Every structure is written in structure tokens, then in C-alpha cells.
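In C-alpha cells, one chain follows: the form predicted alone.
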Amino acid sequence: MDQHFDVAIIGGGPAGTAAALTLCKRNDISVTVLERGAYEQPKVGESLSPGVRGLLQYLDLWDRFEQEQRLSLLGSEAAWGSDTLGTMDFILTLHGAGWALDRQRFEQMMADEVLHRGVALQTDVTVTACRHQDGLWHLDLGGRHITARYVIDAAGRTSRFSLRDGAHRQRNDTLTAISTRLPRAQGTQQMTRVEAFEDGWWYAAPLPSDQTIVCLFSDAERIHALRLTDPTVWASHLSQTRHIRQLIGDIDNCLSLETLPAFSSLLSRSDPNLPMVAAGDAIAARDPLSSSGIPNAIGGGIQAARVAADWLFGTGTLKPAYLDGVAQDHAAYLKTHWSTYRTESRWSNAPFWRFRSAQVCRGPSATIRSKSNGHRSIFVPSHVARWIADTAKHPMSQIEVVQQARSTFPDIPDERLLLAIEDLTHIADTVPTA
């Protein structure tokens, strides 16, 4: 027989389990969490800032977290804007030290609490098909079938569940992480470290297992061009770092690298009457440089759960406010995010840094025309660049090109379209005729 639930949560990471733990504070909502893994796969570890304490206390997780996550972080260091390391000490903040997170153990802890509190957590399952019919979601799980009145999409930044009814995910970049775990050098401090280089930046953080997680972050295009997924090439770039290499002990010749998406994105609005909402990276993904991924996921999961409960038993008015809040937070995040990248000026002409530091210069009324040899731009994918070049073959105002591009490619941010147009066109000598 089909199983029926009030709420089905797709994704059992921090956002999904936070949503489940929030919903189970009530005893009149049946919940299931659908997780495609089994919490056994090692995950990229990361640092957790001390400000997450309040969220964990709300979920009644703080005491267990404090017992299980033993490795404290004293702060973070960064060689950003210069070769010199700068330091921020967590010990000087209101909440004290942060943590070097064992990500696998952290997610397992949250999953255990979900089960302990009576939520139906299903692992090793994938939603293979879904439809909304007669007021219910019908979810196929590879041979099994469940129904739910409401769905929370917490399946991460590459989730496709929310991409329905005209919704799309607006990506702000193509940032990608290539990471591995390496032996930690003796005598190193319990600090995270960031080091910028010409094609991106490195990140290193101690793990409780006497290892260090080391990640190289760059754009997908640069990773492909430089062959950075090749362990030998990756290790060669690591050896050229000034500050990250100091944290690493002897490196095995057989490196195993993991490639993960790390782009920033925002999910556009879909049908407001559809009984579903996204949370965490599925609705608004952030660059790991912001160190806000897990707190954002947990907080978003809590808010999404409140939206679901309001739709089931309240007025149903929380969803628009939630979506407005997410959009406003993401806009504020992007403003701070890009200004942080623009403080690194040593390689301003390198593609990675130019993509993040270039400013729009032309006015919208400028009359423009395609350059004779302009068909590529770092600011947009190649097919968008070709479209811009073809559209502006004859003189026309820049605002006309922008308006047409915006309707043709709604997933490309306006700033990126404007920068690409400036790349691919020049001010026309003649004014277009009426």
C-alpha cells in the first residue's frame, strides 16, 4: 500500500533534517525524509562558525553536538589581497571558538535525532518521478510510491525537483571545488586557512581525524583548461602555494580527488499556489568563502518547515514572506560577496578574478554594434555570447539588447549580461534608423 504523509522532505542533509526536527515539534504533522545516501560516504569537512549555536539550541541538538564535535577552531587565516596572512580569532567573538567539523558525523547526528523523534527517515532512495494531482504529491521512489500533502525540496544546489512550472535556478558563477584529505603537519594550529592564487583560491581546515581537508576552488572553465582534476596537476599547484603547503604532511602519490559544485545561485519563484517550498542550497546556494553554508541551510530548513506547517494548518501566507526574505538575503550576500572578491587585486586581468571584479561602465542608452571578432566572453556561456554577437550585428541601443537577452536567458544575472555585452560590442559610429 502507498504510504501517506503530511510533509515529504527531499534531502536528508542539514536543511532537510532541520526542517524535519522543526516539524516534529508538533504532534499533528506526519513527516518523512527521503535521503539518497546512507550517511556512510565521507564528505568534505568544513569549519563551523560559533554563531550556529543558537540554531542548534532551537533544534535541541546543542548538548549532543558539543559532546561529539571535539575539535575547536581558534579562528581563520587568509592570504587575500597580499602574500601576508591575516587572522581573525573566534575567541574574540561573542560565542567563543568555532569547530573543525566532521561533516559525515554531523549529518549522521542530525539523522539519528530525526529517527529518535519519530520521523520516517528513508535512506538510499531517489525520487524517480513525481506529479501533483488531486491535492496530493505522488512520488515514485524506484518501485515504491508515497503521497504527501506538502513537499520541502532540500536536495541541494543541483536539485531538479523545484525546477517546474517555469522556475529556474539563476547561477551567479561556475565555482567548483576539487578536494581531498591529506595528513596534517605536526605542530600546526587549529585554524582554517585561505590562500588566493591567479586562478582561484585554496582552502584548508583541520579535521578531527588528524587530517586536513584541502580544497582548490576555481571556475569550471579554468579547471578544464588547466586540467586541475588530474591529481598530478592538482598536487603540483598545491606545491606552489606559500601558506597551504605548510599545513600538510607527506603526500601520498595516489591522490583521490573529489569534484563538487560550489556555485552561488538563487531559485526563481514558481507557482505560488503549489504546495512546495525549497530550502538550503536548493533555494539559495552560497560560495564556501562566505563560511555560511551550514548555518544558512539549518536556518532555511527551520523557516521552510514553518511555511509547510502554515500551509497545512494556518493561513498559508508565510510562503511569500519567506521567499521575499530569501531573495533579500541573497541580494545582500551577493553585494558583500563580490566586494570581498574585489579586495583581491593582484591578478585583476586573470579570467577568474576579472569575472568577479569587473564593473559595468556603459550607460543603457549607448548605441552599440558587435565587434568583428567578438564571440566569446568570460561572463556568459558560449551560446549566450554568440546570441549577443548575432543580435547586435547592426547598430542598436544597449538597453534593447539587454531587454531581449533578459527574456531569452532569464537564468543569467543582469550584471553578467551587461558585462558580456561590453565585452562583445563597441560604441557604434552610426545611430540606428527608425
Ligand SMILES: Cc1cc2nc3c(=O)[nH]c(=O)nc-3n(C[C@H](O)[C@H](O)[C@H](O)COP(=O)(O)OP(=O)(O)OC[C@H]3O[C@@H](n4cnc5c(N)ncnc54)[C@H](O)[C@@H]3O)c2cc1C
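As the structure is a prediction and not an experimental result, all values here were calculated from the model. Note that residue numbering follows the sequence shown and begins at 1.
Note that the form predicted in complex with the named molecule isn't included here; everything after this is about it.
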{"item": "Candidate from Met191, Ile248, Val127, Ala196 lying within 4.5 Å of the named molecule in the predicted complex - any heavy atom", "value": "Val127"}
{"item": "Heavy atom within 4.5 Å of the named molecule in the predicted complex - the one residue of Gly299, Pro351, Pro231, Pro288 that qualifies", "value": "Pro288"}
{"item": "Among 280 to 288, 142 to 150, 340 to 348, 309 to 317, the region lying within 4.5 Å of the named molecule in the predicted complex by heavy atom distance", "value": "280 to 288"}
{"item": "The named molecule contact at His243 in the predicted complex, heavy atom, 4.5 Å", "value": "no"}
{"item": "Exercise: Trp202 in contact with the named molecule in the predicted complex, heavy atom 4.5 Å", "value": "no"}
{"item": "4.5 Å heavy atom contact, Leu266 to the named molecule in the predicted complex", "value": "no"}
{"item": "Close approach of Leu260 to the named molecule in the predicted complex, 4.5 Å, heavy atom", "value": "yes"}
{"item": "Stretch 9 to 37 - residues with a heavy atom within 4.5 Å of the named molecule in the predicted complex", "value": "Ile10, Gly11, Gly12, Gly13, Pro14, Ala15, Gly16, Leu34, Glu35, Arg36, Gly37"}
